[in-house]
Each structure stands twice: as structure tokens, then as C-alpha cells.
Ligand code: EPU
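As C-alpha cells, one chain now follows by itself in the form predicted on its own.
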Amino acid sequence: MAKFLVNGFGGKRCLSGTLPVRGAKNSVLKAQAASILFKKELRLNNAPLIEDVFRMNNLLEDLGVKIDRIAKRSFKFIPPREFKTALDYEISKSFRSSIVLTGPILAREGVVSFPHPGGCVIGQRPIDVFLDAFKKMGAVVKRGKRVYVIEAKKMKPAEIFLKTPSVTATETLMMTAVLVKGKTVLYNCACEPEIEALAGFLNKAGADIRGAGTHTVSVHGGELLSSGVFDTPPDRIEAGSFAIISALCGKDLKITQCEPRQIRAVLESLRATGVAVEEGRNYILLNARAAFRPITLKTREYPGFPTDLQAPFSIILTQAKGRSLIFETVFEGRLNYLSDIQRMGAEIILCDPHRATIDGPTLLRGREMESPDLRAGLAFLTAGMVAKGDSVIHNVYNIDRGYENIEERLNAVGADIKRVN
């Protein structure tokens, strides 16, 4: 398995140049899944070349979709007349977004079977919100030893209240309802920009989805969509990741091809630590102070501070003068990575599964670590660049799941990261 060897800067700011942002992971995966809703072809542009995209393509091909690569970042999806209804066990277990295929297949074919989806180990990630919604839409759920089997002779529209505003559940049920005749209403929906992008794309292809981007979404469904083109928007989490790296290691680094307005919570938190932030229409420039100020960082659903950027941001807090508090409100297992940052020299107290204090500034020292999940892996890579000495990061597959050729792109602006297979 591949690992990264990171030569740290020891606190110096060495990165300069231009760092473009790729297409959004959390958008493209749902657009790939949407190919199930079409009777003709779907074209997808600006796809990031990451592991999760390749795994989703593998799943769709196994279900019967013909996929042609028509350019470096563009794919064409041609659905079969009838889909296979059992999701490949091993691929589905490898990433969380496999769950979004279940509703569209169920609505189209009347049955679907799948294992509990895999993905990052960041706390409990139950799927009862999906199963409960499918039941309200007329499905029968059976759980075997290894897989769930869900059947519905005819799905019906329903009013569904999500007990938590889950992004994946909102998108999955929204796509499911496109193929269910009648009006389905979803309450307490998530409001992330990716949901709005997906709904806008489906509406252009003939769907009738209203309210996406708000807490109430209604779908008038019942027909397969004809054909469509999805232009993947920039990845706001990658843009935020690069902004954090720039604040720590940037000398003259410009982040381009992004939408700063979508990460205002991150940029305002950076400003609170003393970083000067310049926002353009599609770029970000940052200029950090000699010393960072401590802050209280609390994760929330969009438009609040994203849980996916809590781990990378913690590295800034290790360099802030004073005590900072992290309050992770979304996942109870997402602070586990801090023990490795602590072993690099950071002064961290884990108060409980949701809260931690960080006292700084401290000199981080390189060490050997294993990436436990996608975002913690990026935090380790960031910490390795900040640290004095060399670091080794194992299991970089977790990082590859969401960041395309991250070492090559950072090396192009001055980093010193080697991939060793």
C-alpha cells in the first residue's frame, strides 16, 4: 500500500504559485448515481480523478451502465434497459456514497440489495433514515446476514421528515422521488450547495424539484429523464483545505477555480485567527500573521463550519498563541486523529468525544502516522509540511479517495512530498 514521505518546512512559508481546485467529490458522485434516472445518455464534465469516482464507475458498470471516457475529465453514461439490482458487495463496502444508488434502483426496478456502506471511520453512520423513508414510500425492508433486501411492487409518494438533515439522505431521496409518480415532500433537508447543483441539473433534464437548498424539498415525479449534461462545480472542501494549507505554509499562493462564497465560514474562521483573506469571484489569496490567534471552532451543517475541514483546521490551532477549543457536533469519532497530532508535540486535551482543547504555539516534529480517514489524512499531510523533520503517512488510499494527485499538485507549488508504493 502506498505511503507519503513528507519533508517538513519547520514552520517556514514556502509554497507559492497557483493551486487550482478540481471538481467537487460530493457533487460528482451523486451525478454519477443519477445516471440510473435516465433512459438515454448522461454526460458528466469536470470530474475529479479520485478513487471514489472510479469506485462509483465500477459499481455502475457492474449494474449494467456503459461508461465511455470521452475526455480526461469527461464521461458518458448509457443506462441499460434493465439494471442489475444487487450492488457489488466489496465495492459497496469500500465507500459511503454507494448508498445513493439504492433509492433510484429501487424506484426503477422494484427491488435492490446492498451491504451496509463503508467509508471513513468517524463515528456512527446508521442508514435507518434511508430505510425508514423507503418504508414510507411503500417498500418492504429485509435484513439478511450480509445484505439488506428492499422490495416495492409500486412505490408511492410520501411526506418524509428527516430526523437529521443528512446531505446524502436528502440527495438519495430526492433522486428516488424523481421516479415515483406523484408529489413527495422532504422536510428537515440539508442545504449544502451540492444538493442545489444536483436538483438544478435534474430539472434541466426534465425533473420537477422545488426547494433544493432549503429545508423543505418537493418532487413531482413519475417519469424517466431523457438525457442531460452535468458540469461538476468546484470542490468547496478542497478549496477550504488549500486555504488552510496556504495560511500555514503559503508565501505567495493563489487558490483558483473555486467559489469562495461557499466556504465563508472557513474564511471567517481564518480571519479570526489573524489571517488576511482576499476573496475574488473565483480565487482566494491569504496572508498569515507571524502568530495565529486562538479561537473556538464549532462544526455545523452548511452554511456553518464544515465537519470535513475540522481536522485540517486543527493544525492551525496548534500554531496559535493561547488555548483554542474544538467542538465537533456532527460525528462523535472525528477527534480520534488528535492523538497522532499530540504525538507530534501538540498540547491537546481530549475532553470528551466531541470536544478538545489545543494550547499553542508548539513546534511539531515529524513522525510516522496512518491515515484513518479522508480528512484526517489531509490533516496529517498538512501537519507533516508544518513540522520539523520528516513524516511518513501510511494508507494514503484514504487521501486519494477525495484529493486528486495531491502530492503532485502540492509539489508543483513548492512542497516536498514523495509517494512510495
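All residue numbers are counted from 1 along the displayed sequence. Note that this is a predicted model, so its numbers are computed, not measured.
The protein also exists as the form predicted in complex with the named molecule; that form is not presented, and the subsequent description refers to it.
- Stretch 95-103 is the answer when you ask which of 95-103, 238-246, 259-267, 207-215 has residues with heavy atoms within 4.5 Å of the named molecule in the model of the complex.
- The shortest heavy atom separation between V129 and the named molecule in the model of the complex is within 4.5 Å.
- Among residues of the shown chain, D340 is not one whose heavy atoms approach the named molecule to within 4.5 Å in the model of the complex.
- In the model of the complex, the named molecule sits beyond 4.5 Å of every heavy atom of Y148.
- At least one heavy atom of F331 is located within 4.5 Å of the named molecule in the model of the complex.
- Among T273, S324, S113, T307, the residue placing a heavy atom within 4.5 Å of the named molecule in the model of the complex is T307.
- Between the named molecule and the residues T85, T299, Q319, S166, the one pair within 4.5 Å by heavy atoms in the model of the complex involves S166.
- Contacts between 349-380 and the named molecule, taken as any heavy atom within 4.5 Å in the model of the complex, involve L374, R375.
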